[in-house]
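Here you get one chain, nothing else, as structure tokens; it is the form predicted on its own.
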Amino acid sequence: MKTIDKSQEKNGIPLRPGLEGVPVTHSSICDIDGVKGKLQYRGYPISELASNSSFLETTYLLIWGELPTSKELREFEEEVQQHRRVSFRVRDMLKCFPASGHPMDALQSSAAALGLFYSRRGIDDPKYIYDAAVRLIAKIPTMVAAFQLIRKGQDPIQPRDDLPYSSNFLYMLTEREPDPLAAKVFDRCLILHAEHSLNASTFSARVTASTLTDPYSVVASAVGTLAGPLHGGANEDVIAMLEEIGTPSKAGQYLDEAIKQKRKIMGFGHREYRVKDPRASILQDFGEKLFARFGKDEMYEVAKELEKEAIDRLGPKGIYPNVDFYSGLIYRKLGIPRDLFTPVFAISRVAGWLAHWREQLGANRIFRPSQIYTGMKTRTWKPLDQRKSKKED
């Protein structure tokens, strides 16, 4: 008979570190089939949305559950356009941040600060929910672009009302109007990163939302979670890895050494997928279109060879490229600095966070998981003069 380790359960419930595989809520937002490599937003395959939709249309779908009508989409786009600008006080705050600070820290702080300007909480008011979603979708890109220019010693560029959402961000970031293909590819990248079920940052958003705080705090908490290298920073590490490999001919050797040393191969493997991440396949196609128009990226050839070698060695274990493997190559071809890759991820994922915020409000129960205590049992308090430091032992 198998012996049960009581230290690994509480009240008969087994410990699952990281809550891996443990359902904690109902959701109708995102569905993933990791065996078949399928991803759907509200029932729509990600491939169809990436081919036919826009980021703002997809955002509307995620937050409110249905694709908008022509009138609804036009009104939503106009509302977002009207709220792109941020208060001069927010810009002044960004100017006080150290130029050496990471953009994710600047984004978390500025996202939280928005709550000071819109402090009324009306989470039972549909208009409040709508307005808050519009403001966050509209202003987050402006703040990311503003900090990028400020840390370079320049004044932020004001949004342009004549440019669509993705074009406007690239304009504010690079100080020039983007090529239509570049803007289209970037918009599709935002769609692909907008939502992915109960990942770490989305779970953080739902936990924060369950306390019934304001949506600006919800997004700020999610940004802080996304900033961790195990979550949002992987595409930065992919570029560093590809540069370390250097040439396609060295990909196999690098992979063999990494496997031997049990080092993580950045951009490969995913908790959900046992096949190639469907978003990675779509991103690769977009990347090839960009490279054909604007010139090759030598690291793309390294990436393709590394994927080929990795599929031979790791494919049988269900380890394939994930969304981070090709996204960094696309972003740098678009002129986005490497340490802005994760803030760009956040610009997109705000849509998913807000969708989960709204869903959490619909049937709220505050999150309060349990734990297995492993500390000391009951001890007797001692006065200061009777205590002995462990360092003295």
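In this text, residue numbers run from 1 along the sequence as written. None of these values were measured; they are calculated from a predicted model.
Just so you know, the form predicted together with a small molecule exists too; it's not on screen, but the next bit is about it.
Using a 4.5 angstroms limit between non-hydrogen atoms, residue 263 touches the small molecule in the predicted complex. Contact check for residue 269: a non-hydrogen atom falls within 4.5 Å of the small molecule in the predicted complex.
The closest heavy atom approach of residue 322 to the small molecule in the predicted complex falls within 4.5 Å. Residue contact check for residue 96: none of its heavy atoms lie within 4.5 Å of the small molecule in the predicted complex.
Among the residues 296, 160, 231, 289, the one placing a heavy atom within 4.5 Å of the small molecule in the predicted complex is 231. Of the candidates 275, 314, 245, 129, 314 is the one whose heavy atoms come within 4.5 Å of the small molecule in the predicted complex; the others do not.
Heavy atoms within 4.5 Å of the small molecule in the predicted complex map, among the stretches 353 to 361, 28 to 36, 322 to 330, 45 to 53, onto 322 to 330 alone.
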